[in-house]
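This document opens with one chain alone, in structure tokens, the form predicted alone.
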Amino acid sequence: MRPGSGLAVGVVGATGMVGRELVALLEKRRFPVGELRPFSSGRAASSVRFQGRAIPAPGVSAAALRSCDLVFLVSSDEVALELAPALAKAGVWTIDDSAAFRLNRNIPLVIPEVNGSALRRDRRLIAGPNCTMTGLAVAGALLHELIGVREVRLASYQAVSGAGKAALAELFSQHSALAGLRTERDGRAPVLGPGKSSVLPRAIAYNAIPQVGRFGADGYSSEETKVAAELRKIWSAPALKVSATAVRVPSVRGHALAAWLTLARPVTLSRARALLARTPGLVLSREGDYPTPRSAGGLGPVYAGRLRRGATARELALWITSDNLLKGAALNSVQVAEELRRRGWLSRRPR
């Protein structure tokens, strides 16, 4: 890492789960980092490893960020609202992974293989998508482009890592507390009861929680509302009907979706399979096979399987999964930066 060569890259939230994945991807994908400036996602002193070195990650310095060429924000909405507009105004390319700007009509919300055309040279603040919505947006992109998707119904099965370090620690703790669990002597399954939780709305070990985020007046959770609104923006489909139920399940990483897509016109399964097979960023399982969160864990693409006919000739059913920390977050941010470089827009600023 040599100051003076390559880009000065800031990462706010570098010590969080997504931030550490992002820093690792910058090295793995040989992104041209001349100087990495990581900033902590917490108050405790910490560091990140990059190119064989432990680099201190102090509290955020706005001055240090303003002199960067590129800044990744992988922190909270509040931090993004405080930092991002000023950075973009100062000419710093800023890629934000929070929900703060996703639905702002003046800020591109981008998944490069789906709507990279939304990038603009004069808009230096770019929003990254919700990790749950990303799998569906990628998987259905070509179907929507060539045939048209009119309605989406989905149920999500979301990994605990999507709720952060504390939630994941709680999952592990709850599992450890139940390590001696056995079938009852008379062969019956044990009754666990509701359990206790301090991070998630309910105990997550051996459970499923149909709440991701807070509930609104309409009964939908904030996650369900985000998925619907962001999918409409990503696909440029304001009239798209979306019904969603978001569920937290006790998997570590990798979100999964059961989705039903109603198309503008009937399509044969063979035609649908052919379109899915050539959809950028998607890996389609062979017939009779399917992906799972564990099989997708640590991998970059979106995976799909169990393609079948829905209730009508215009409806398709599909199972989708992807690593929520990678394609749903860190990898997408790095891919956006790579696309900016490919276009010749991202380069070293005058020092």
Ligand SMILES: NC(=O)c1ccc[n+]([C@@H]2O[C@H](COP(=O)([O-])OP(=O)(O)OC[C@H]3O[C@@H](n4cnc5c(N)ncnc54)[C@H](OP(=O)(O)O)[C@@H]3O)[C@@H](O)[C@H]2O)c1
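Model, not experiment: these values are computed from the prediction. Numbers for residues come from their place in the sequence shown, where the first is 1.
Not on display, but discussed next: the form predicted in complex with this ligand.
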Contacting member of L325, A304, L70, A296, with respect to this ligand in the predicted bound form [4.5 Å, heavy atom]:
L325
Under a 4.5 angstroms heavy atom criterion, identify the one residue in V18, A337, V9, L331 near this ligand in the predicted bound form.
V18
Choose one stretch from 234-242, 206-214, 113-121, 76-84: the one whose residues place a heavy atom within 4.5 angstroms of this ligand in the predicted bound form.
76-84
This ligand contact in the predicted bound form: R102, any heavy atom under 4.5 Å
yes
Answer for G164 alone: is it within 4.5 Å of this ligand in the predicted bound form, judged on heavy atom distances?
yes
Spell out, yes or no, whether the shortest heavy atom distance between D97 and this ligand in the predicted bound form is within 4.5 Å.
yes
Going by a heavy atom distance of 4.5 Å, is V23 a contact of this ligand in the predicted bound form?
no
